[in-house]
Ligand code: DP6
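Heads up, the chain below is alone and in the form predicted on its own; it's given as structure tokens.
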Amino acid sequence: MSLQRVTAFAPSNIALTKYWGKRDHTLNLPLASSISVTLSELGSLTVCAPEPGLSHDVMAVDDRPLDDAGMIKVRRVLGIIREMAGSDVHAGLNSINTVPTARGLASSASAFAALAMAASHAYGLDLDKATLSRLARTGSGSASRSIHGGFVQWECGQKADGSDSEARQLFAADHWPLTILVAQVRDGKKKVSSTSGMRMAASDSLTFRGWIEQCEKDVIACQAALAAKDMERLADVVEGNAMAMHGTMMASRPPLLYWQPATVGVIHTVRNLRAEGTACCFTIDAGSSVVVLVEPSDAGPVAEALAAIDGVETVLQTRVGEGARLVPERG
């Protein structure tokens, strides 16, 4: 077994049809399959260094020690890797995020995909993407999708052990090289985590059962829209799926509402732009920020329109990107 210091980058991803409901909370197994788009520059850069002198795993994120809840998930992933590698050596980890946390932008997806990639190689493992996807999923469900680039489908699977719940690439990044705009909403840092919100919806929402049934239909419709590169069809399924997910939250008791007034402003702006002939659509993960997919030729005017909305703090611009990858160590 060869131990070494390894650095990896993993991108965030935005679900086009959502993951909102688990059949197993420990293994992060979803009740429905989902489709996502991988972002380019936004993600997590993680260094993993196994150190024989450490008595336990330690990790810092953006130069701050990771909290206990986060470390439980990190140790779960590292424990699986050590078992596969036949090692009992603990690791020191450091991660830098280029995606805002707790804003509905899937920061945990990039974090655990980068961790899985870096740590598996640090412990001398060379895992295929399917295995890496399942490994990343044990830290954060959506991390399974960040292993791959382009447009990705995460299969919900049927097996109790999760061995058939992994992500695969549907289309490469260059299949439909859309521009992706992220409208960050002021005061949008969420107070209820995705994990807690998911539990609330599953147990207390009046519409949850119908939501899961619709998700499976939406996955099929989304596949077809992406294959045809048809923005109108994509908008129909993606916007409807996002609104339905947030509808299950609002139908919870007590209701869960992530949106801010600017969130609604972005929704109306995108719909108006599309009605006027601009090829764009929106989606919203578990937060208040809104992600807009747009043809590159229209990206400038759309970004300007989003930035002009009262309450929109920043408009980030990226594109469809590649998946998790190793980063060479600087000499």
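Heads up: residue numbers just count along the shown sequence, starting at 1. Because the structure is predicted, anything quoted here is derived from the model rather than measured.
Omitted here: the form predicted together with the ligand. The next part is about that form.
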item	value
Site check 19, 145 and 194: each within 4.5 Å of the ligand in the model of the complex by heavy atom	yes
In the model of the complex, segment of 178 to 186, 137 to 145, 213 to 221, 85 to 93 with a heavy atom within 4.5 Å of the ligand	137 to 145
Contact label in the model of the complex: residue 233 to the ligand, heavy atom within 4.5 Å	no
Residue 133: touches the ligand in the model of the complex, heavy atom cutoff 4.5 angstroms	no
Residue 165: touches the ligand in the model of the complex, heavy atom cutoff 4.5 angstroms	no
The ligand contact in the model of the complex: residue 263, any heavy atom under 4.5 Å	no
Residue (of 201, 152, 245, 118) lying close to the ligand in the model of the complex, criterion heavy atoms within 4.5 Å	245
Residues of stretch 277 to 295 in contact with the ligand in the model of the complex (4.5 Å, non-hydrogen atom)	285, 286
